[in-house]
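The chain below stands alone and is given as structure tokens, in the form predicted on its own.
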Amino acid sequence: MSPARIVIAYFSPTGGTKKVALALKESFAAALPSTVNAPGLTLKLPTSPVTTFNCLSVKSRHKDLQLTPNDLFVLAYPVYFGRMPWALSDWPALQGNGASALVVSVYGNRAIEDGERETMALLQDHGFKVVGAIEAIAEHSQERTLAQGRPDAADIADLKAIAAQVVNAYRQGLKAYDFDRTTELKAPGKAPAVPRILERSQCDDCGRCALLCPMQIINPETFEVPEDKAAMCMGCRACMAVCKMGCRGLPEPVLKAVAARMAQIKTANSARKPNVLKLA
């Protein structure tokens, strides 16, 4: 039996994880039947059993997903400093109710490290049956030439094959995935600097940065991050990505330091890494 629904939730500050999530949506939809056959009758299903859910904002993470044990929940997120984005720890409405869950760790061709098992533990603690993981590549958010253009056509083909494998495994009965919950997680990374308005005269006060900040730490009147909340910044760059005027960013010395560090990372991770599926 196929899952009643497949809900693909994605946390995508700069768009790379969203591309992976939408590719998976198409892939899962292609792997599931769109019609119901009965003797002498074929009925086309009125709606697709595959839906997406943008969980970037605090407001969205307060919405009830109403999951059931017959659903498959797919959570796609970007790896930061080898860890899960800590904004996902604040998700009060996330209730699995016994639904199967698949973790999709998206990274910029460097490494996943502890992000995968940390996210699995989160879902398990919220009542999900964790059944496996996908490791997917997307263009690096800080160094766009690292995994540039990914997910590309070859990645899409990979994800289609992966989705078909997942659906087939679900029909046969997915088992719980055994992952390490005992080894201490690596220390969380720290954003090199907090994005700010570089030229106030260019800001049109649209407020999108404050609205879409996953941590809700941007003052909605000044559009700056107060000093006492600066340590909460993940460095996800969501506020920079949604700034239509392009006036929000990092100071030039910080950008140079980040570029120097990313050049080292790129040199060590230039070889193309594959998309990977892990099931019990």
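Fair warning: this is a prediction, and the values are worked out from it, not measured in the lab. Quick note: we count residues from 1 along the sequence shown, nothing fancier.
Not on display, but discussed next: the form predicted in complex with a small molecule.
**Item:** Heavy atom of His140 within 4.5 Å of the small molecule in the predicted bound form
**Value:** Residue-level check for His140: yes, a contact with the small molecule.
**Request:** Would you please decide whether Tyr177 lies within 4.5 angstroms of the small molecule in the predicted bound form, comparing each non-hydrogen atom pair?
**Result:** No.
**Asked** With a 4.5 Å heavy atom cut-off, would you call Tyr170 a contact of the small molecule in the predicted bound form?
**Response** Answer no; every heavy atom of Tyr170 is more than 4.5 Å from the small molecule in the predicted bound form.
**Asked** Does the small molecule get within 4.5 angstroms of any non-hydrogen atom of His126 in the predicted bound form?
**Response** No, no contact at 4.5 Å.
**Asked** Among 118 to 126, 131 to 139, 90 to 98, 159 to 167, which stretch has residues whose heavy atoms lie within 4.5 Å of the small molecule in the predicted bound form?
**Response** That would be stretch 131 to 139.
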